[in-house]
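Just one chain is shown here, as structure tokens, and it is the form predicted on its own.
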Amino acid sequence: MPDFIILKKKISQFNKTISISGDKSISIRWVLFASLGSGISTSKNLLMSEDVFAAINAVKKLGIKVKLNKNECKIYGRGIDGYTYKQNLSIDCKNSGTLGRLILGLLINSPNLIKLVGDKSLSKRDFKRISDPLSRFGAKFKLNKFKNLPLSMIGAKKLKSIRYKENKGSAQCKSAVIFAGMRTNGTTIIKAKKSRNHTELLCKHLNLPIVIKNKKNYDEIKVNKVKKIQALNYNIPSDISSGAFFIALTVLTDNSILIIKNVNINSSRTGIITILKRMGVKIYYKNKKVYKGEKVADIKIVSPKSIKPINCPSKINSKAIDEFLVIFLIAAKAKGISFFKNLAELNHKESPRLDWGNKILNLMGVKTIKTKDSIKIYGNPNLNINKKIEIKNYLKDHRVFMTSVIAASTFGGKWKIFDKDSIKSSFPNFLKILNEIKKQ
């Protein structure tokens, strides 16, 4: 089958309720925590994507037994020191930056050399930002071109606790240092710019020796040695980053309503909700609850009669970093000029997403002004595309593919979008759910 999709028909108005796949960030973290647990951990609604399978295969290579059955997974943990480090061990992280960076923290005391590899996209991402702090614990790293995969590492027998300042808002770097700190005898202290806190919430739920002080502009995290992790049973909530594509679909389709069931609405992930409310979109939380420290709710979206432009405060950026591509699409239909700044981090994702967001808008006929870390979008409420558009050569970034599909489904035109298999890394059911919404 050809690895592209052709779309040439706009979606008509809809009123639907959907369920989407499990949260990717939590799914990968569950696999890692469960692999260190004492006993059998079971998850339901685990995201069955290539990124999560890469995490499962990684812990299996470290001697951990795993059983999969539909969307239920059992991991037979062997305790905090239960990994088996074989000679010439190589771990393939595929496309997953979350796995690649977090697992390095867990391997910090490996007595043998370990090689970490990834796909073409992951191999271009910066791993020096995590090898630098982890080397201070005593581990040794050798990176390709001094910052990329493949890398090799060997742990230290006597790990030193460290003080670490994380100033990029990277939950991956912060989490890796937390994992490494769990293996040291002293106290590791992290001063971290606000970012996703799924790792910290799981630590709290498991009663691990971690103290977190939430300051105005940063979090202070103190980590002490972990002696035991309990087995972790988890019914994983749906992923708001995946839901964002259908939120955008609803906002951009006149007279439409959508409910997405049981979504993780952790405040470190809901920047898109904050931004869209400021743009005049009606979004409601229903059936709110707290599950193992995470806030969960059904999300109801009602398409607005008009969309307001936004001068987006950069303090929201880290809470919406994976959703900006679809936010840019919504700004393209706003009545006025929208401005987004301090977004250099977008170009350090699976593809240079700020550049690709700009390119997609320009192909659609939207005027933009882009710098290396900002974009100004001249919205047009009457934007309607009547030409052919082709999207390819974007490093198989799943979010570029899905954003292009949403644009094609809402603005018209004839689109040929390559690398549809890219969605297997994070959201394999994306096209299936989209087709369900399209059915009247």
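Keep in mind the model is a prediction, meaning the values are calculated, not measured. So that there is no doubt, residue numbering starts at 1 and follows the sequence shown.
In what follows, reference is made to the form predicted together with shikimate-3-phosphate (S3P), a form of this protein that is not presented.
Answer yes if any heavy atom of residue 169 is within 4.5 Å of a heavy atom of shikimate-3-phosphate (S3P) in the model of the complex; otherwise answer no. Taking the distances in the model of the complex, the answer for residue 169 is yes, it comes within 4.5 Å of shikimate-3-phosphate (S3P).
If you check in the model of the complex, is residue 349 within 4.5 Å of shikimate-3-phosphate (S3P), heavy atoms only? Residue 349: yes, in contact with shikimate-3-phosphate (S3P) in the model of the complex.
With the partner left out of view, is residue 25 within 4.5 angstroms of shikimate-3-phosphate (S3P) in the model of the complex by any non-hydrogen atom? Answer yes; at least one heavy atom of residue 25 falls within 4.5 Å of shikimate-3-phosphate (S3P) in the model of the complex.
shikimate-3-phosphate (S3P) contact at residue 294 in the model of the complex, heavy atom, 4.5 Å: No.
Sole residue of 250, 98, 95, 242 within 4.5 Å of shikimate-3-phosphate (S3P) in the model of the complex, by heavy atom: Exactly one residue meets the criterion: 98.
Find the only residue in 151, 361, 279, 321 having a heavy atom within 4.5 Å of shikimate-3-phosphate (S3P) in the model of the complex. For this set of options, the contacting one is 321.
Within 4.5 Å, heavy atoms only, one stretch in 214-222, 321-329, 301-309, 227-235 touches shikimate-3-phosphate (S3P) in the model of the complex. Which? Heavy-atom contact with the partner occurs in 321-329.
In the model of the complex, which residues of 190-218 put a heavy atom within 4.5 Å of shikimate-3-phosphate (S3P)? Residue within 4.5 Å: 196, and no other.
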